[in-house]
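One chain is shown next in structure tokens, namely the form predicted on its own.
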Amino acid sequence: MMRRLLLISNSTQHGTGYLDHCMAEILDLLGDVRRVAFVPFALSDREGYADVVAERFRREGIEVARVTADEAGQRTVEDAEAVFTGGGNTFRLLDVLQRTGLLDIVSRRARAGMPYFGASAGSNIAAPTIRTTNDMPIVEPASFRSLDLVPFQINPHYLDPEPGSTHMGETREQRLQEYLEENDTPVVGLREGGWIRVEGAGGRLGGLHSARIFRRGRPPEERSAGGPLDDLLA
């Protein structure tokens, strides 16, 4: 696959504006691209969502075209120079992509080298499935099958246990270990402010913090920002 991906944990970092913390990396991914197709299906107010994204990218001299849930949306993706999928509810996002046929179109184009970047839910769907999302299943997609652009699962907004916490429910790490009791696919836990950059067969972590790598039958591994992910992409 001639992948060019940027998979961001969160779109807004505390104390900064929308995409500010990762905009330099986005612009590096895009290069000369000056028109981006935006997939807004993770939120219910699609037009309002697209307006926010369009305004942010207008400041960078980049035009945004909203992808719609119809044949016109399919043409928008087919003709896109790059695709951005925003965060929100991953189940709602995947449901619309599957029902409209857009899931396969985005996957095919991204595998062929079209720049794809996503935040939160938009990063979740780059994995083989959405089984490691944090979101509530407010709708029921036909399956959990997703874009399958990387051979590992992603858990955005990964949270470490708080020292001294009296919370008696599962920690995020425990929930991901439960996933690995039933599945072999590794998981990358992306902390706030972090991202994954993939170019072809190679990849690396970026952003503000390390990520936590989970594999079945092995203890979790911390991997520093700037560290390679080639082993997980093989």
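Remember, predicted model here, so these are calculated numbers, not experimental data. All residue numbers refer to positions in the sequence shown, first residue = 1.
Quick note: we don't show the form predicted in complex with a further copy of the same chain, though the next part is all about it.
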property: In the model of the complex, the residue from 100, 89, 107, 76 that sits within 4.5 Å of a further copy of the same chain by heavy atoms; result: 89
property: Contact assignment for a further copy of the same chain in the model of the complex, among 184, 63, 70, 178, heavy atom within 4.5 Å; result: 178
property: Residue stretch of 53-61, 40-48, 26-34, 196-204 approaching a further copy of the same chain in the model of the complex, non-hydrogen atom distance within 4.5 Å; result: 40-48
property: a further copy of the same chain contact in the model of the complex: residue 130, any heavy atom under 4.5 Å; result: yes
property: Contact of residue 142 with a further copy of the same chain in the model of the complex (heavy atom, 4.5 Å); result: yes
property: Residue 209, heavy atom within 4.5 angstroms of a further copy of the same chain in the model of the complex; result: no
property: Any non-hydrogen atom of residue 113 within 4.5 angstroms of a further copy of the same chain in the model of the complex; result: no
property: Contact set, 186-220 vs a further copy of the same chain in the model of the complex - heavy atom within 4.5 angstroms; result: 192
